[in-house]
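To begin, one chain is listed below as structure tokens, in the form predicted on its own.
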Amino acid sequence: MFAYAPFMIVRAPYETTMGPISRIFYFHAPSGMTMFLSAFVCGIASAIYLFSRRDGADRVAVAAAELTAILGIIVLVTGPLWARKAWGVWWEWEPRLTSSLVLWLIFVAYLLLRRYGGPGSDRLAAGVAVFGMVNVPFVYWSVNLWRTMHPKTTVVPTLPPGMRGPFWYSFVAFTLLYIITLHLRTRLEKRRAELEVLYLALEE
């Protein structure tokens, strides 16, 4: 799907004032939507882990946090590339950009806690993930609540037919890639935990 997406995007109409650079939209917006999805997956899995101590939920949370951070990098790179042409600057401290950066930093903090936090860091990081998940609606609605250079959330439902197909195709491609990667990363985390148990048994 990713291999075919550029051919769809080339044939799709572009925004008249920005020209061909506006085609970044077909990657920027779907990656942002998938980042929101991943943040919810991480937050929900973390909440389940906090209340039930299920190791499987914790493994899903770790995998989703890593993917949220990676998708956030894609969003924060493609956004300024688009903004340079659309606004004349690489970065503007407006609500959507700033809140997206904060959301990404929250999940980076989760990963740092898991790596360097020591005993009990899994529960503390889970709390951070839940906090990050709660911030997702704030990031999404920020363009409607404040005056911002970003278009409002109504832009996607009102896309013209020529743009709608490539956009949703790209979103499905990102989502399927996310689901597959989440599954593989969760399975890898399970194997890592099993290996750690074996190492501890060997030391004993």
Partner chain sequence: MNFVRTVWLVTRKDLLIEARSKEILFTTLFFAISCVLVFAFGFVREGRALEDAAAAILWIAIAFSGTLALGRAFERERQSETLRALMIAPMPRPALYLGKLLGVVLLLAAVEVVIVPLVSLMFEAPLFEHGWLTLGLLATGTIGFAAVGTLFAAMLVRARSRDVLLPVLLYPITIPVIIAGVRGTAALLQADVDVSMARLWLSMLVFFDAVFVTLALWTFEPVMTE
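Positions refer to the first chain, counted from 1. Everything numeric here is computed off the predicted structure, so don't read it as measured data.
The same protein also exists as the form predicted in complex with the partner chain; that form is not shown, yet it is the one meant from here on.
Novice: Examine S142 and determine whether its closest non-hydrogen atom to the partner chain in the predicted bound form is within 4.5 angstroms.
Specialist: S142 belongs to the contact set for the partner chain.
Novice: At 4.5 Å between heavy atoms, is L50 in contact with the partner chain in the predicted bound form?
Specialist: Yes, L50 is a contact residue.
Novice: Can any non-hydrogen atom of T175 be found within 4.5 angstroms of the partner chain in the predicted bound form?
Specialist: Answer no; every heavy atom of T175 is more than 4.5 Å from the partner chain in the predicted bound form.
Novice: Would L71 sit within 4.5 Å of the partner chain in the predicted bound form, counting heavy atoms only?
Specialist: Output for L71 is no: heavy atoms all beyond 4.5 Å of the partner chain.
Novice: Given the stretches 62-70, 132-140, 30-38, 175-183, which is the single one in contact with the partner chain in the predicted bound form, using a heavy atom cutoff of 4.5 Å?
Specialist: Residues of 132-140 come within 4.5 Å of the partner.
Novice: Is it true that V102, L113 and Y116 each have at least one non-hydrogen atom within 4.5 Å of the partner chain in the predicted bound form?
Specialist: Affirmative, all three are within 4.5 Å.
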